[in-house]
Structures are given as structure tokens and as C-alpha cells.
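Okay, here we've got a single chain as C-alpha cells, the form predicted on its own, with questions on binding and movement later.
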């Protein structure tokens, strides 16, 4: 089965789209090799801008380019981008600038680089900005489709990508639909809702739980904002219980979006799996994934426990 980091898929898609769309320009903050924007830089050096370790300047420059008719992709580590929240808030969101912020190295699975390099709060911050689309692909196929969407989309957007390789969960003919949930596995007893890197682990957990007699629905949320409220309500009504899984803090990310949406539409028991109000730490990526409860076994255990709880009347 194919396994590719979504940052690698992004770099390839960006360079390919550059051939068709001369209005695309790319900015990076001294991390082009890591974000994979270097592929675009090699193909189109006159349309690539190395801004150095000056992310705030990069964001403001990207906004200016967007307001001049270009389609800028501004790239850095997720944690470094969100450190420029004030600039993103005014220069991009308030100005409705057509900028694509690309945050790589998201989550604890970046491993040994530790907490200073881990983007764990980025989705929560970006979700608060009016008009900001927040996207998170779960494999290389979905990344490529999202890139095609982002070229045509109008308005600011944030794309969240991984350092680690992810096993493919979609077929080659997968179609990304903005603002819609994506059912990876049908089920009726409980739903596992995930976004980004934990998708394969969620599918493996569902397979484990089949031995318990549980029919587990696994749903991918590639668009974290805007959340698919109607689709989420339909899943809640069908399954009655939801487990959210994200390589991000449980506050304000996917789990927060799900709970906020269902609280106003169709409340059901929700268990949020992710980083629990603590910073990440340095270590082996697989060990950290297990430590924070994002591996298949942990997801299965948490889902089983939720199903065994009595539903409040």
C-alpha cells in the first residue's frame, strides 16, 4: 500500500499546478526543503520568494501579492505560522486576501524535534478567523485534490500537512468535496470521526472492534472549517455516539468543532481523542502516537469504552 507524507504530495502538486497557473506564486520562510516548496522553486525560480526567518513579513507580503491578483502559497511549519496570528488576522482574514497558508510538521508525530516544532494549536487558532477555510488531508490523493480546489477557491485558507508518511486510504479516483464529510467505512453502532494523519489508525481500530460485534462507521473530515453540519447531524442520528481523533489539542480543533456543531443540532455522547491540555514531547513518532492515544489500539479501547457507557436519558 502506498505511503506518502502529505507535505511531499503538496510539493509535487504545487509544482504541477504551477505549469497550468502562472498566477501561482510561492513564499517560504527558510524551510523550503522541509515544506517541499523547493520543488516549485526549482521549476519556477522567478515566482518563488525566499523570505528568510521572517514569517510575519512573509504573511504580509503574501497578502499584498494576493490583493494584486496572484495566488500565493505561504509555507512554513504549522507552529511558526500560527506564531504570526496578529498578521494573519488582519492582513489575510480581515482583508479577505486570497492566500493559502501551508503549515507542515503538524502534530506529535513529527517525533524527535519536540514540542517547540509541533503544531498542536494551529487548527484551533485558524478556526476562529472569519472567512478562513481550514483543510487537512489524510493521504496523498486527498492532498492533490485539495490543491486543485485551492487554486480555484477564493478567500484565505489554511492547509495542514504531515512530516510523516501516511498510508493511502483513498482510491485514485477520489473526489474531494469542500465542506463535506467523507465516509471511509459505513457502520451503525458508533462513529469514529477523524481528520488528517489518524485516518488509517481509525480504520484499523474499526476492524479490531468488529470482533466485539460493533459496526463502526469511520468518517474523514478533510474540511475542518466550514464543518459539514448536516452531514455530522446525520451521522449522529445514525450512530448515536461519536469518537473524534486528531493529532492536535482536543480544545478547539476537530473535536471542538464537532461538539460545537452537535450541541446546537443533535447532542450525542462524544469522546475526544488528542493531546489533552499539555505540550508535546520529543520521542519516537510511533511511541508518541501511542502515548497520546492516537494509535489503533488506543482508538479501539476508547471507542469500546464509550459504547459500554450508559447513554444519559
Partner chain sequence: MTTNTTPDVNALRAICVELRADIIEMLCLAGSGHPGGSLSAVEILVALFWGPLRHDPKNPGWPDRDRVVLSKGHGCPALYAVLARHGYFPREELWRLRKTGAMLQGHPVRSFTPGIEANTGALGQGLSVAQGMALAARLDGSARRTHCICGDGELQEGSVWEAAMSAGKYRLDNLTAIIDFNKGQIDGHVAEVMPLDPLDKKFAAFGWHVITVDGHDLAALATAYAEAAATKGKPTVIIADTVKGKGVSFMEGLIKWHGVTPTREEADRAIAEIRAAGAAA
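Positions refer to the first chain, counted from 1. Owing to the predicted nature of the structure, the values given are computational and were not obtained by experimental measurement.
Beyond what is shown, the protein has a form predicted in complex with the partner chain; the following relates to that form.
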query: 4.5 angstroms heavy atom contact with the partner chain in the model of the complex for residue 50; finding: yes
query: Exercise: residue 96 in contact with the partner chain in the model of the complex, heavy atom 4.5 Å; finding: yes
query: Residue 61, heavy atom within 4.5 angstroms of the partner chain in the model of the complex; finding: yes
query: Touches the partner chain in the model of the complex: residue 87 (any heavy atom, 4.5 Å); finding: yes
query: Listed range touching the partner chain, judged in the model of the complex by heavy atoms within 4.5 Å, from 245-253, 66-74, 272-280, 259-267; finding: 66-74
query: Answer option from 14, 25, 300, 294, heavy atom within 4.5 Å of the partner chain in the model of the complex; finding: 25
query: One residue of 229, 144, 151, 91 in contact with the partner chain, assessed in the model of the complex (non-hydrogen atom, 4.5 angstroms); finding: 91
